[in-house]
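Let's start with one chain on its own, the form predicted alone, as structure tokens.
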Amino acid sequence: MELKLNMDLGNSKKMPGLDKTKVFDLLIVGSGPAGLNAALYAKRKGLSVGLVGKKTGGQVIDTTSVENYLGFEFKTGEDLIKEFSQHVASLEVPLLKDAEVASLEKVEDWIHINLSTGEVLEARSVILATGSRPRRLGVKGEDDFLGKGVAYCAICDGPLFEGLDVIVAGGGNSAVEAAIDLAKIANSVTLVHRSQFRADQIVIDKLNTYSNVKVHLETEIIEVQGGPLMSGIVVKDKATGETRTIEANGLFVEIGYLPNSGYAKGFVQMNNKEEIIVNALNETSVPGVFAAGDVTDIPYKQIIIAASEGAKAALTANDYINRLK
């Protein structure tokens, strides 16, 4: 399930389409919290700004509940992104939706954004805010049963497994929260993690209140089995070395994310995780190119941090444009 909020925001104003022939002061690649807030700040500074987005809302759109964003005691991810998108749309920031960026290059003082369609967008400055994507287990059978039991978004695909037995792989907050959400609708939930919990104690305590949840720590998943649909996983007990099968209809992989930075490889400096390296002003190694949010090397990947980094990047970009002018 993917909600295309940029296409339908109810009765609210829609973001206009982006003129591909225009040279912008600032183009923002990515339309999650970092990109949307960057657009808001840049527009309020008087810059000609446009958004280039593949999926409006990024990962937030797949989040069941947001309870730690200041000002909102509770919001679904969908509702929070609606608020963000409507605010940006009210300023008439243009959006190029469903856009895939292939590469970037600097031509004299301009930044060229090369799209997968062969089209080229041009701007005086760019903010990279493309977020991240789910990390895979890399085990036998994982790809074979993708969409046939293996999933990476409990929020998106959880309802398909109502009344069934499911497994959650991972030990961080996202894994535990996914297990909690699934426990409300599934017959049983088994959480499997290769080491100890990394999640906050408050969510672990909440997980322990569900009687239909089992937890196997120090347990490694080595294979996904089934045919034609997934029927279970093979795991290895790290203490004893013994292997066994856990039967289940679904496997939700919640082991972290990888930055969506491939299009910028070789253009800006990255760390060994392929996160874009930025300084305190969100500047990258290339003048006029800034980055914000989960695609960067900043710690603590949180919605409110991504949004604030987007604001910082826009303010720095504004200073850069002023110096150019």
Ligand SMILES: Cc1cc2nc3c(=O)[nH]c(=O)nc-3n(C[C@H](O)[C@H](O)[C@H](O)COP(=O)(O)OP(=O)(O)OC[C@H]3O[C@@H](n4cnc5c(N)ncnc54)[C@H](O)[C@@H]3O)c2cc1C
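Start at 1 and count along the sequence shown; that's the residue number. Note that this is a predicted model, so its numbers are computed, not measured.
Form predicted in complex with the ligand: not shown, discussed below.
Is there a heavy atom of Asn68 no more than 4.5 Å from a heavy atom of the ligand in the predicted complex?
Yes, Asn68 lies within 4.5 Å of the ligand in the predicted complex.
Could you confirm whether Lys54 comes within 4.5 Å of the ligand in the predicted complex, counting heavy atoms only?
Heavy-atom contact with the ligand at 4.5 Å: present for Lys54.
Is Thr284 close enough to touch the ligand in the predicted complex, meaning at least one heavy atom pair within 4.5 Å?
Taking the distances in the predicted complex, the answer for Thr284 is no, it never comes within 4.5 Å of the ligand.
Answer for Ser308 alone: is it within 4.5 Å of the ligand in the predicted complex, judged on heavy atom distances?
No.
Within 4.5 Å of the ligand in the predicted complex, do we find a heavy atom from each of Gly58, Thr63 and Gln302?
Yes, the whole trio is in contact, each within 4.5 Å by some heavy atom.
Which of these stretches, 213-221, 131-139, 183-191, 160-168, has heavy atoms within 4.5 Å of the ligand in the predicted complex?
This holds for exactly one stretch, 131-139.
Can you list, in sequence order, the residues from 74-101 that come within 4.5 Å of the ligand in the predicted complex, counting heavy atoms only?
Ala99, Glu100, Val101, in sequence order.
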